[in-house]
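Single chain ahead, by itself, as structure tokens, in the form predicted on its own.
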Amino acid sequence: MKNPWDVCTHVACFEPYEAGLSMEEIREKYALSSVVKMASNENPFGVSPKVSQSLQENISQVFRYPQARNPRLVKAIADYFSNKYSYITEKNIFVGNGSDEIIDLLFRVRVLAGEHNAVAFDPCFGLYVTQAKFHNCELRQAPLNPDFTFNFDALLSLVDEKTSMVFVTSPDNPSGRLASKEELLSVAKALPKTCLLIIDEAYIEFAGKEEDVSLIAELATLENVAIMRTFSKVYGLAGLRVGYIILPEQLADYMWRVRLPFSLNILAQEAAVAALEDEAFKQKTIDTAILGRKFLSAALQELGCKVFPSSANFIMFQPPQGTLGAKELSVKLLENGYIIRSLAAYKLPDYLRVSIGTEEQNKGFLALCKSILSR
């Protein structure tokens, strides 16, 4: 008898996303009294007090559907940028259920299955790979340089008249490397007019002055560039799933046409609006990340680790030669209650990534590393 679900075989080759053990699972597995998570680049302070207040005030509204297109949040984002960049309006902004939904919808509106291709670096964010595969879009990947800097010549060499999108993450994950404005501007100008350059700026707030590190100040003169950002990192809303993208007006309109009408819930919307109103909390998060980044980078190098320059809220490093390997070190840290990220999934089994935490968390992690590596 024919399998009635054969129609679904195009997804049979996909593997489900497998997250690591939760903090509670690790606490139970290793009989630990406390666990410190420094693996997912989350905000070590949690959320702004204004966000907490907003969630409490709006909890009674969860029985209602959110307003279509989340106009309050769209307006709040437009207002946030309007003083600096008058050309960014509500018509250029699209919000989604995290950057994940935005990436999926970009493939939906920009790709003709089996005809178009997309281009990214290798390694890259896993969702570029899965959504390209799901939408039957060839994903061409250019290797990063050995020091994880960007090889834009190699990237551009993969672009042709069928390339609909080029993805660049800056600062990059997992390395933390930052692409210069000059490089990104050169790439944008070199691409065909029909090709959209999407710059994923999930970590841009930790990289320095916005006008020095982002093309957002140049969007008025660039017709084929989109800037994608998230509320998950600097604003601490990872669990509420809120992302946004600033892109050409016509493409924003197409995105709204195909987005599920209520994908971003009321609490997420109101929390994001409140987060934009607390600049002090945002700056505290940025200052803590920058100070912690300098401290951990220097300290890990003193332990003999190879540390890569980072402009994000995390550091990529390689344990000292002749000591424990990356996998062994991450397991030892885990057994002692510190979760960091193994990069085997990025095809970088010899490297680890640690998120910047509070001063106490950073010192605890470092002391534990020193103890383990000296045994």
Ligand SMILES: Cc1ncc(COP(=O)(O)O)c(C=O)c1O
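Computed from a prediction, not measured in an experiment: that's the story for all the values here. Throughout, we count residues from 1 along the sequence that is shown. For clarity, a rigid core is taken as the largest C-alpha set superposing within 1.5 Å between two forms.
There is another form of the same protein, the form predicted in complex with this ligand; it is not shown, and what comes next is about it.
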message = Contact check in the predicted bound form: Q67, N70 and F262 versus this ligand, with a cutoff of 4.5 Å between any heavy atoms. Do all three pass?
response = no
task = Using a 4.5 Å heavy atom cut-off, state whether D79 contacts this ligand in the predicted bound form.
result = no
inquiry  = Please determine whether D100 contacts this ligand in the predicted bound form, using a 4.5 Å cut-off between heavy atoms.
reply    = yes
task = Give a yes/no on whether H135 approaches this ligand to within 4.5 Å in the predicted bound form, heavy atoms considered.
result = no
task = Indicate whether this ligand has at least one heavy atom within 4.5 Å of a heavy atom of E270 in the predicted bound form.
result = no
In the predicted bound form, the one of T288, N173, Q131, S297 near this ligand [non-hydrogen atom within 4.5 angstroms] = N173
query = So which of F148, Y85, F281, F125 reaches within 4.5 angstroms of this ligand in the predicted bound form, heavy atom to heavy atom?
reply = F125
request  = Tell me, please, which stretch of 245-253, 110-118, 154-162, 232-240 lies within 4.5 angstroms of this ligand in the predicted bound form when heavy atoms are compared?
outcome  = 232-240
Contact set, 177-207 vs this ligand in the predicted bound form - heavy atom within 4.5 angstroms = D200, A202, Y203
request  = Classify E18 as shifted (yes) or not shifted (no) between this form and the one not shown, where shifted means its C-alpha moves by 2 Å or more with the rigid core superposed.
outcome  = yes
